[in-house]
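Single chain ahead, written as structure tokens, the form predicted on its own.
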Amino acid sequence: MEGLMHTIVLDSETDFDGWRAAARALVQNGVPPETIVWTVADRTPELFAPSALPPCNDAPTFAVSAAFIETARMAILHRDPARFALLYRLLWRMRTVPAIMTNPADADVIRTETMAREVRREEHKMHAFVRFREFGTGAATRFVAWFEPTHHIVELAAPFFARRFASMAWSILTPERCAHWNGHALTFTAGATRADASSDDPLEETWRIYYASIFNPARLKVKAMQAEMPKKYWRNLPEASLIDPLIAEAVRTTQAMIAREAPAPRLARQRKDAPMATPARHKPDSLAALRAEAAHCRACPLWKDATQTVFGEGPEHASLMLVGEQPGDKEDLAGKPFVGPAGMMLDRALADAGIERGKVYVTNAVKHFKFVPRGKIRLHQKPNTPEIRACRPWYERELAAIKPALVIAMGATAAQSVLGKITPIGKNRGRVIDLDDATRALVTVHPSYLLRLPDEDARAREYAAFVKDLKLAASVLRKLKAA
């Protein structure tokens, strides 16, 4: 194959599947990057005929990381004409450097990831700055928007509008690709012109009045606003005509405020913490009743995306209660706490500490899985304070039902729930804390922390410290029982 030039013609600017199929055949046949010309059907030079793809041979294949595939899917939507060649060059180099995507200093990796970020940023801008205008009346009403994206993102961004404006018929027109929604299905057509979009809408005056009323000159940061909303988008926004006058008025208002004599300061009132630190007194319920009730919990929005409530599990009157942070992906699917990788790490540590897992009650501070989707993967997200507060009554009712002698809070989220305030783990490890007359607490790390450590030495060291905390718990229980 060396010495021959290959012209690969893709069906469109966003033909990832076509690029992937061609790249697979080329790399398996040992076709080097410098002998390939990548182009798209509607801009193929007449002097160059498309090359027939070599058949896939029996050469050994090599693994391609999921990070590369995900990044390539985004980068191929960039407008840089060199993107196809860049992605193939990276794929070619993976034959000898499989982990190349983990090298933050590699020029090809940097450029590819930069293109992917710029595509995602442009998708966000489209979501934020599309403005629909109304066409027609009655049953013929349709909402039309004009947008000029920097990159090839229309098909990427359109599903967002289908979800958000599912009940109305709309079209988003762009110079290259148009998206249409009829209330049931998305369709795409060729590009349009600005003249095809409505130039006015009777509701826009109402929108401008609303925008002017919420504009806050005290919080105005012109450079930050222009960085988030570049001027190229202004011409499509009905409120754009107000921006310059509002900025000028904000400057005058600010100068007038500075010129006025400052009023006498008011005495500061000491803010009281929200009543989270003291556990509520709950009438003991059976765990079965609590579990059934928690299955329908709607106290915070996390239930909407989670598969199910993941309630605690263990003996009805266990002397030791372990509180984790929140269920992970495996726990969310199984409906049971600590059954994934962190659960296996916990089982091993409990065994090394001489504690029987079957005699321990295990639960989480937050009962629903909080995550952000990344393709087919759901990435764990740390619960925030309102979510911890919303779920805390379930922990308190579990505590009242079980009446354990000792509670171990594993991780910062668990410590915040158990102790009622943000509690640093490092400063409080190894210290027995009184919760009330009958119950003590210890804090330690979450088992998932051990899984995230980068090297074997650190993992072994921190695992030993975790087992030491569990052995301390076993010792405290023996002393409480003897007393």
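Throughout, we count residues from 1 along the sequence that is shown. Because the structure is a prediction, the values reported are computed rather than measured.
Just so you know, the form predicted together with a small molecule exists too; it's not on screen, but the next bit is about it.
Heavy atoms of every residue among P327, A342 and H446 are located within 4.5 Å of the small molecule in the predicted complex. Using a 4.5 Å cutoff between non-hydrogen atoms, E398 does not count as a contact of the small molecule in the predicted complex. The small molecule is not drawn, but in the predicted complex it has no heavy atom within 4.5 Å of Y361. At the 4.5 Å threshold, heavy atoms of E331 reach the small molecule in the predicted complex. Shown alone here, F147 lies farther than 4.5 Å from the small molecule in the predicted complex, counting heavy atoms only. Proximity to the small molecule in the predicted complex, taken as a non-hydrogen atom within 4.5 angstroms, holds for one residue of W170, F338, F84, W394, which is F338. Contact with the small molecule in the predicted complex, defined as any heavy atom within 4.5 Å, is confined among 92 to 100, 286 to 294, 317 to 325, 173 to 181 to 317 to 325.
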